[in-house]
Structures are given as C-alpha cells and as structure tokens.
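First come two forms of one protein chain, each written alone as structure tokens, so that there is a structure 1 and a structure 2.
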Structure 1
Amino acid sequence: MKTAVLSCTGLDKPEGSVAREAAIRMAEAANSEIICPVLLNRSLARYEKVLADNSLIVVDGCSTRCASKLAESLDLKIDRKVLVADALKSSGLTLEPTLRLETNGAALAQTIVDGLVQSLAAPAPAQPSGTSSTEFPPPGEYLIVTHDKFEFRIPVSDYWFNENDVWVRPLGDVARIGISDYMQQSLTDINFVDAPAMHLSVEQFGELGTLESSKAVFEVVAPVAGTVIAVNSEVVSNPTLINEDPYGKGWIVQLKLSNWPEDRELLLNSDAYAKTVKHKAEEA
C-alpha cells in the first residue's frame, strides 16, 4: 500500500518531535510521502496528487490532535493514525522536556514506525468466517423519543444499553456492540474508528476503542464483559455507516460473552434507556 504521512510539526512538545521523527522514518522505511501540515494548511493544491495516490497516515503528538483536526477540516480520508502520547504511555518510556529528539524519543519513533510498517503488511482486520451479518437479524420495531425537531430511535427488543449510550445485542454466547442513535446524532458524522484489538478481553465498562467526529472523541464503554472475536471491518473503512445504521450494519465489535446474564443487571432495557435519552436530550 502506498502511503503519505501527515504529522505534527513538533514545535510545541517533546511528543511532537517524536511525531515528526516518525514521519521522517516512515519516509525512509516505507517510502511514504511526507505532508507538511503548515504547507498543507496553506495550500491543499500542493498535495492534491499525493493525497489522491496514497492512503493517509496521521501521526499526532498530543491529544490536541492538530494533525487530525487539520485532516478533518479538509475532509481528508484517514486510513490509520497514531497518537504519540498514547504510544508513550504503553511504551513505559519517559521523554525529556526538550524539543530536541533524545534517545528515548528516537526509540519511541522507531517503535511507532515498526508498528505502522507491520500493520501495513498485515491485511485489514478481517471478519472471521462464520460470523456474517445474517446471523444477527436487523432490528425490528423502534421506540421513538422526540425532542424538539430531533427523533431518536431505540429498538423495542433484543438490545440492552449502558448509560454511556452503548448497546449490546446478545445472541447465544456472543454479542454485538454498537452505539445508540442518540449518541450517533450527538457526535455527528463519525470520521474515524479506532477499533479494539482482536482477542482483547474486556471487563464490563472497560474501553472498547474510540470513535472520532469533528465534535468529539467518544470512548466506547463496554456494556458487557467478554473477548473481542470480530471487528466490523466495514465500519473501520467507512465510519459513517455507524451514522446511517447504528443498530444494524453500524455494529462495531462482536464479543464472546464471559459474564452474561449477570452483566445485564447493570444495563437498561429499551424503555429505561428511552427515559435516559429523553432526560439527556432535555439537559443538553
């Protein structure tokens, strides 16, 4: 896959210097095109061809996520991203408070590049065989919660919700997870899905990846405990599917349940969730 890298300029924090270094190393290791964020901001035309010919990797330094926000503001399709601050946490390294690249910064940049090169070589997270969407029939009837000119749909049955607007639909010992129509509308168009890793085991209310829109970064709070057995590759490549069909084709992950039905005690049924949504919509 041919790639282009858009990174932080690296002139505000040490994490930024690492992002910038990772971009340079991606150019060396994987022949990626480097996109200068300042120049891109000044002249999209300069990079039109590069963007048309390559998949875009975004490397942000810190959670301000300037590079991501720039890409979003220009409506660029992001294929992969890395947040150096997160990579730093999982590496256990510490960075010196300087903008010059130090030994640890260089090591971290290399780890990031190795991870990217590896993920580019591996095929996209596949849907394991035998878990086609036909096993989960589409949602049936909906309850409708209205507020002002908005309408929020909630499937009448088969779905359970946590108060963080994430649904679970169990079927035997597996379950699908996604976000509610209410949350999908609050986030507006979702432009990036950071899905959890396959085989990740998660506790109830643990983190199952994040979704990003121009308005927010949303943490998917697991409604149930389990192990990730499938990631919906269609929403990873086309995140607005979540906006279009939040309870059906917009499912995010499939879990093997580890503590059902006990987990259900802490979840809301459709009627209770409808009340919660009404309350949230009135407060917002």
Structure 2
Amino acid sequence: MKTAVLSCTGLDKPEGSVAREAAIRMAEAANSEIICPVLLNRSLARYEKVLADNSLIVVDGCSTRCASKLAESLDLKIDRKVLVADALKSSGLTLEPTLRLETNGAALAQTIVDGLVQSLAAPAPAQPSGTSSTEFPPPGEYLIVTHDKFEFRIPVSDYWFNENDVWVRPLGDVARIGISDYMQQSLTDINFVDAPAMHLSVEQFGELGTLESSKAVFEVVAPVAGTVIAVNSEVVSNPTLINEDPYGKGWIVQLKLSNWPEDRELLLNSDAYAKTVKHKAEEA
C-alpha cells in the first residue's frame, strides 16, 4: 500500500520531535510521501495528486493533535492515526527533556514506524457481521465541567456534539456515534439499547435508536447523515458499557458519512459543548 505521512512539525515539545522523526523514517522504510503541514494549509492543490494516490497516515505528537485537526479541517480521508503521547505510554519509555532527538526518542520513533509498516503489510482480518475494521483510538485528553459534586468529561479533540447530547467522531468517511458523559450520568444505569437496523440511511437529526434506563427513554438523535455500517453488539448485550465508557467502548453505531462538511456546521466542538453542559447542569 502506498502511503503519505502528515506529521506535526515538532518544534516545541519532545513528542513533536518524535513525530517528525517517525515521518522521516516512514519515508525511508516504506517509501512514503511526506506532507508538510504548512504547505498543505497554504495550498491543498500542491498535494492533491499525492493524497489521491496514497493512503494518509497522520502522526501527532501531543493531545493537541494539530496534524489531525488540519487534515480534518480540509476534509481529508485519514486511514491511520498515531499519537506519540499514547505510544509513549505503551512503550514504557521516558522521553529525554530536550527538543533534540535522543536515545529514547529515536527508539520510540522506530517503534512507531515498525508498527505502521507491520500494519500495512498484514492482511486485513475477516470482520464479523455488524462490525468494522476502522480503528478509533481512545480520547487522549478531556475537558472537565463541574457542577456541585458531579464532573462531566468532554474529549478535547476529534469529537463533535449536537444539542441533544449525542457525539460523533469522524475518521475519514466513517464515524462513530454515542452519547456524552453528561447524558449517561443524567440517565443513570442504562439497561436497554434499541439499536437501528444495519444499512439504515439516516438524515442529520433523524433517529438512531433509543436507550432506556430506570429514569427515562432517550432518543439517539443523529448528529450527522449517513448509512449504518456497524452496530456495537457488545453495548446491545451489555448496555452499562455506555455508563462505564461513553466515549470508547460505549459507542453505539458506526455510519458511512454522506454529508460531513455541511453537517459539521450545525454541530458543537468541545469548547462550545462544555458551555452547553454547564448551562444544562445549572438548569437541571
């Protein structure tokens, strides 16, 4: 598989230096094209052919995820994402406190490249019915909204929300849908998930099933338009996963997006949704 790599520039954090080095090593190991984020931001046309001919890998240094945000703002299809901060936790290494690449930083960059090369070479595994091979890494950082004794978490990046407390996380032309931490706490223990049918086409703000708890029945209002390509069977059989991990294992459905650039205009980013949650909590 031919690949192109977009990484953060790595000028102000050790993790960024690792991201830059990983991009360079991917170019050497897999003959990947390197995309400069500055040039991409100034002139998308410069990279149109590269992006059309290659699978896009994005390597972010820290949870700010500058490279991912740039790609998403340009509506680019991202096939693989790597966050150096997450890779660092998994590796057990400690980065040297310097912007120059030292021993541990170089080792981490090589580990990232080895993992990418291996994933590109491996055949795609067969997928059970109702699932998808698209990988969505867990959120790296949260905003915290507090009210009385309650704390409500909101992922800092990659998640968008509607006013109905339903989130969407796009990755290329696919997106996962779930409910926010605020809503799962409001519902308390969720005991039933009525999921939508596979291949159902839904418009933005249409219905994507319902959730039931001892307190209420909650309609999952679609934040985006698309077609259902996966239902989280684990959540259907164990609805409390939504309470335990609303932004990760507790996702509900996965859609093939049909109108993302326009739909996004009617959604709230993390900062805007945090203000909405604060207002709702105060009014409750």
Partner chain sequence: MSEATFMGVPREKIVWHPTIDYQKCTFCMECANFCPHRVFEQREGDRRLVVANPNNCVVFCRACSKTCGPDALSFPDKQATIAQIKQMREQVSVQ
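This is a predicted model, so every value here is computed, not measured. Residue numbering: sequential along structure 1, first residue numbered 1. If you superpose the two forms and keep the largest set of C-alpha atoms that fall within 1.5 Å, you have the rigid core.
A.B. asks: Name the structure that matches the description of the form predicted in complex with its partner chain.
C.D. replies: Here the form predicted in complex with its partner chain corresponds to structure 1.
A.B. asks: Quick check on Gly250: with the core superposed, does its CA move 2 angstroms or more between structures 1 and 2?
C.D. replies: Where the cores coincide, Gly250 shows only a C-alpha shift between structures 1 and 2 that is less than 2 Å.
A.B. asks: For a quick test of reading the superposition: does Ala230 move by 2 Å or more at the CA between structures 1 and 2, rigid core aligned?
C.D. replies: No, Ala230 moves less than 2 Å.
A.B. asks: Core-aligned, does Val220 move its Cα 2 Å or more between structures 1 and 2?
C.D. replies: Superposed on the core, Val220 moves its C-alpha less than 2 Å between structures 1 and 2.
A.B. asks: Once both forms sit on the same core, give the Cα displacement of Val18 between structures 1 and 2 in angstrom.
C.D. replies: Spelling it out: core superposed, C-alpha of Val18 shifted, distance 65.0 Å.
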